[in-house]
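As a starting point, one isolated chain is supplied in structure tokens, in the form predicted alone.
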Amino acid sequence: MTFERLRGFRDLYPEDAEPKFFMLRTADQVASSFGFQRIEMPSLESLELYRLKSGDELVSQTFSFVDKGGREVTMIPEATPSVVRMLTSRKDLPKPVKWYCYPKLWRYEEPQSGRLREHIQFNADIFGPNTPDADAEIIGLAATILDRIGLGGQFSVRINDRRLMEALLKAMGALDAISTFAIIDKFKKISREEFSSQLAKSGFPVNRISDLVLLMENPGNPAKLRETIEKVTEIDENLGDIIGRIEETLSLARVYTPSDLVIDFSVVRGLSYYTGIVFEVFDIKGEFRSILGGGRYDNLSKLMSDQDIPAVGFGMGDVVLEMLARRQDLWKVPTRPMRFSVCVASDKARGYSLDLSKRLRDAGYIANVDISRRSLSAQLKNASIQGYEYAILIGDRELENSEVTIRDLSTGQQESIPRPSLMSKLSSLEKK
């Protein structure tokens, strides 16, 4: 009997797992350097938590079931509800709260390029301040992570604001901004004809469809935001305040990254709980789905509790990130400390070998002790196949003379040295 992995899931062998978790560790380090703190949440939550936050559409995509206690539960399809649940259960937390996590998420969707049924998502949120500074920092964190991974210059941050779009749609005569958002969110996925047809069916004024299409077809320079908006409507005091906040946010965000920041009116984020700035990051060649997305969601804590806590955050899945990293030749096993395979050539040398390996690890090296009890030649062959740079040979002669033999596995050359000289010898090898 043989078993295949389930459709939409992945097996990660070392050559893929190591680059993936190197990128997650990079994100972890960047978030920590910004003052964010790591959290973790359960993989299983009450299904009602997601029904309350996202409605039946998301619930239909969950891996959910009734547990042995008769409760409706689900493997978590996104992180935000759990993060907000954790936040609102602790009223003692001083604000702002800056948290990040990278859980596994599950959705029962049709697998396709850039989207699987299981993936890891890096998630970061700021709770408390409703300021341009918080919006700019969350955008800056996302861009800095991608820059630090090595993707600088390969992406653009496309930014919009739900309040701005609501005001614009109202000025254009839209009957229901939220239903129009659902159509706008499909702008890049359907033809212009289908887009216009859906708008008309929703009650959007036919004579203003071309104006809306023109806005969304031309992502623009933030410096020309007012000029662009004035082409479709007058800027009143309310609209002026919204534009002013966007301009301030982008001015601050520009400090964090040299990568492109553009205004894109087609970015509205499909989820209805966003209340302010929204953004998505795309590769500059436009080959993939969005790398990450997020925005301000000030009402979610009030929906889930008696607390009103402003929030802004983003989520970045590992699937599209991997695709982009592979394209840029960044999908590699990260540089590691020097690696040694300790080969045991006699039974008497086993304790000596373990002691030596501990010294190597304590000094920051990677040391693998051969535990197979096979011949020395077989140990050396395996060490070479496994990619070790050097082998340290220990047998009866090394025990008697209190020395070690170091073999360069790429050249076959070897040298015996006194054991007390080992660390200085290794230091010299690192400098080659």
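Owing to the predicted nature of the structure, the values given are computational and were not obtained by experimental measurement. Each residue number is its position in the shown sequence, starting from 1.
From this point on, the text means the form predicted together with another copy of the chain, which you will not see here.
Proximity of Thr131 to another copy of the chain in the model of the complex falls within the 4.5 Å heavy atom cutoff. When another copy of the chain is considered in the model of the complex, Glu40 lines it closely, a heavy atom lying within 4.5 Å. Although the partner is absent from this view, Glu45 contacts another copy of the chain in the model of the complex, with a non-hydrogen atom inside 4.5 angstroms. Contact check for Val333: every heavy atom lies farther than 4.5 Å from another copy of the chain in the model of the complex. When another copy of the chain is considered in the model of the complex, only one residue from Leu303, Ala171, Ala200, Leu214 comes within 4.5 Å through any heavy atom, namely Leu303. Exactly one listed residue, out of Arg327, Lys104, Arg192, Arg226, brings a non-hydrogen atom to within 4.5 Å of another copy of the chain in the model of the complex: Lys104.
The three residues Glu4, Pro96 and Arg117 all sit with a heavy atom within 4.5 Å of another copy of the chain in the model of the complex. Along 408-426, not one residue places a heavy atom within 4.5 Å of another copy of the chain in the model of the complex.
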